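To begin, one chain is listed below as structure tokens, in the form predicted on its own.
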């Protein structure tokens, strides 16, 4: 058993804050640093790590592991919000994906076939949202609300109203396995982040998404197929939600249609907003969404460690989100600057310096 060297950790984090001081991601990183500092002082053993059989265990590892679900969903939500839309159905898609996975496992299907089938169903559900929003022109909040309500009913039909348990080692490995000492969930997040970043920043897709979210009409006049761009964003969000559904089902080794992915859409939206992506669309920040998801999971873990009731937990979470959003707002920062202006030097000191200036010149 060993402890992280606090000095080294905070030096690295301070260097990260320094190098991002002129970027939008600074504020969620600063909020995360303050939350970690609070736990470093008031939560005993928060930074302790334990190495067992080549695997790392500890509170920080648990944050990475359990925060993987929010991180996966927030990546898809980032692109949807960047187009000027929103997807309220990601929690229901998670429930459907978990139900399909468990039902296939119970029917003695290959674990890889079960995973592929669950992800294909998630893609179809994402395409359904994209068809309603981009094809028919229904408002995103209404179109995705349809699947949000109906999706859990679909999951209940698949599971026949039961909680389906499975014990397949491959399926259990998704959320409970380790790779290179770290939870396999971290690998999934890193791979999906790398692929998403490559597609949106290495190709013109990211520019198209931002142009559609910033001004849909102007982007169409410029030759961008805005409907197809929106459609792709919702399909990708469905895929991310399906992958998160596999992780959630694997974590508890069962499919629970009632509780799987419950309120996941709210956490994902909060993570995206905290990360710096505006709900009005336009520019998006994938790394910011990841940091926002880590902040939310760290805050949740902190409240568990402080024995905060689940009924009261949303209150401090809301306060932290409001504080981070105010830090990100240029208007709010200007207001606080005017409210607490810097004090000018005393008049007597100014007069003294002014009177002394000619004497220095004469002496020289």
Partner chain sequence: MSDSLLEVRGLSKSFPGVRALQGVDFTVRRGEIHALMGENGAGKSTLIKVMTGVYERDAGTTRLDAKEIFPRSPREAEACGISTVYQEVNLIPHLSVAENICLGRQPTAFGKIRWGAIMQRATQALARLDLDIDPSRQLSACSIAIQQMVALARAMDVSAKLLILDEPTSSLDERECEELFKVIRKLRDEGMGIVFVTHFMDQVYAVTNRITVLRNGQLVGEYLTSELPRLELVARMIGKDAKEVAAMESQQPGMRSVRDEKPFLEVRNFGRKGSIAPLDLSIRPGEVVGLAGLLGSGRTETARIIFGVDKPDCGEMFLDGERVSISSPRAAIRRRIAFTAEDRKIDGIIPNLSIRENIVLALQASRGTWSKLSRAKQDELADKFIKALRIKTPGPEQLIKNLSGGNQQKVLLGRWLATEPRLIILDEPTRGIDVGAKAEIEKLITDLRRDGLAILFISSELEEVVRTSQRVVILRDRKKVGELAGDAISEHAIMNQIAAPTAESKAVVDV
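None of these values were measured; they are calculated from a predicted model. Residue numbers count along the first chain shown, from 1.
Beyond the structure shown, there is the form predicted together with its partner chain, which is absent from this document and is the topic of what follows.
Though its partner chain is absent from this view, in the model of the complex it lies within 4.5 Å of a heavy atom of just one residue from 179, 218, 157, 150, which is 218. Residues with any non-hydrogen atom within 4.5 angstroms of its partner chain in the model of the complex fall in just one of 183-191, 161-169, 219-227, 140-148: 219-227. Although the partner is absent here, residue 135 lies well away from its partner chain in the model of the complex, with no heavy atom inside 4.5 Å. Although the partner is absent from this view, residue 211 contacts its partner chain in the model of the complex, with a non-hydrogen atom inside 4.5 angstroms. At the 4.5 Å threshold, heavy atoms of residue 283 reach its partner chain in the model of the complex. Contact annotation for residue 279: none of its heavy atoms lies within 4.5 Å of its partner chain in the model of the complex.
Shown here without its partner chain, the chain has 199, 201, 202, 203, 204, 205, 207, 208, 210, 211, 214, 215 in 194-215 lying with a heavy atom within 4.5 Å of that partner in the model of the complex.
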